[in-house]
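One chain comes next, on its own, written out as structure tokens in the form predicted on its own.
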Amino acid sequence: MIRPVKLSFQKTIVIKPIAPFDFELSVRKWGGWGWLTPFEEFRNGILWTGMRLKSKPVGLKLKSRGNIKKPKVEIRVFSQSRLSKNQTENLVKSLRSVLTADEDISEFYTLCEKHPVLQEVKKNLYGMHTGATQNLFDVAILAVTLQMAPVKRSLAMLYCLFERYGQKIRFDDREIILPPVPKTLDGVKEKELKEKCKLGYRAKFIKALSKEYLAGEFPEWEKLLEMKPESAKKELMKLTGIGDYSADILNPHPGFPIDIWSVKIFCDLLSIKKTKSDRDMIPIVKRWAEKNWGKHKRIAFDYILHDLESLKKKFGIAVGNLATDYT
């Protein structure tokens, strides 16, 4: 691991998200994934994490200064040098985006009242914003590690990639690891990725994605937003290793990224009769979600995944062990 980058310049930014907004629910995610990086730290209502402003690392110390009805998030920013006015404006824009601070979830909550499962998740997770990203490469690497693997295996692969090839930053007496950049991964041999991080076939995908990114073949986030959802999805599926499931994760338009593990859970929760194999049930469940939840299907998906243990008790579904079960 390269020596940590020390971030000593500080600046405070205050963001006021659209209510309702629960700070802790919005930045603490299930399963060990983290909000921006798996190596962030949450303690006593404070989150230490990091991101990149263009290619420059910044450390972030976030805490709530408001409440669910009148939310206010104070963010202490740590950088290598003083941020210019333009850099600060870009950072605020990025922070509002990753917090989904401008997303009004009240319409989704109206929809929740029409379905017992969504009524339950609304009650348990009221004020949770699900977050977003504008870094497609980072999400592509996440999507590849999620393919055909239980949570425990996916996390092991992801943690290894971060620890061996990520960038460590030091600020406020904390050390955080940021995701590996394409240039670094492009310089690693496929054999090493397979052997050190146990990536299997995914090593080939990660190498190809790194080369595609460096060659300027990744679509731009803004252009994807301008496209129709299906057109954006087709554009993303041109990338190596990105199929239907992974494209739903990357797409800035609401998708419904279920796989053969989660499709069984949704069939049970939504009382959808299983007439085919788990894999063949995936498009059927997706059509159900599109018909019944429309543009809210992705936030409904995220809420349900974050509340599985409660739903298991409430509705008696066989969730199994999230860390190790797949089939």
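In this text, residue numbers run from 1 along the sequence as written. Not measured: the values here are computed from a predicted model.
Here the subject shifts to the form predicted together with the DNA, a form of this protein not shown in this document.
Asks: Only one of 98, 188, 136, 151 comes within 4.5 Å of the DNA in the model of the complex by heavy atoms, so just point that one out.
Replies: Comparing distances to the DNA in the model of the complex, the residue within 4.5 Å is 151.
Asks: Given that the DNA is left out here, which of 109, 245, 213, 162 has a heavy atom within 4.5 Å of it in the model of the complex?
Replies: Looking at the other structure, the residue within range turns out to be 245.
Asks: When you measure heavy atoms, are 146, 201 and 241 every one within 4.5 angstroms of the DNA in the model of the complex?
Replies: Every residue of the spot touches the DNA in the model of the complex.
Asks: Would you point out which of 79-87, 193-201, 177-185, 114-122 contains residues with a non-hydrogen atom within 4.5 Å of the DNA in the model of the complex?
Replies: In the other structure, the partner sits against 193-201.
Asks: Please tell me whether any heavy atom belonging to residue 261 falls inside 4.5 Å of a heavy atom of the DNA, as the geometry stands in the model of the complex.
Replies: The answer is yes: residue 261 has a heavy atom within 4.5 Å of the DNA.
Asks: Heavy atom to heavy atom, is residue 54 within 4.5 Å of the DNA in the model of the complex?
Replies: Although the DNA is absent here, residue 54 would stay clear of it in the model of the complex, with no heavy atoms inside 4.5 Å.
Asks: Residue 279 versus the DNA, in the model of the complex: is there a non-hydrogen atom within 4.5 Å?
Replies: Yes.
Asks: Is residue 205 close enough to the DNA in the model of the complex to count, meaning some heavy atom within 4.5 Å?
Replies: Looking in the model of the complex, residue contacts with the DNA include residue 205, since a heavy atom lies within 4.5 Å.
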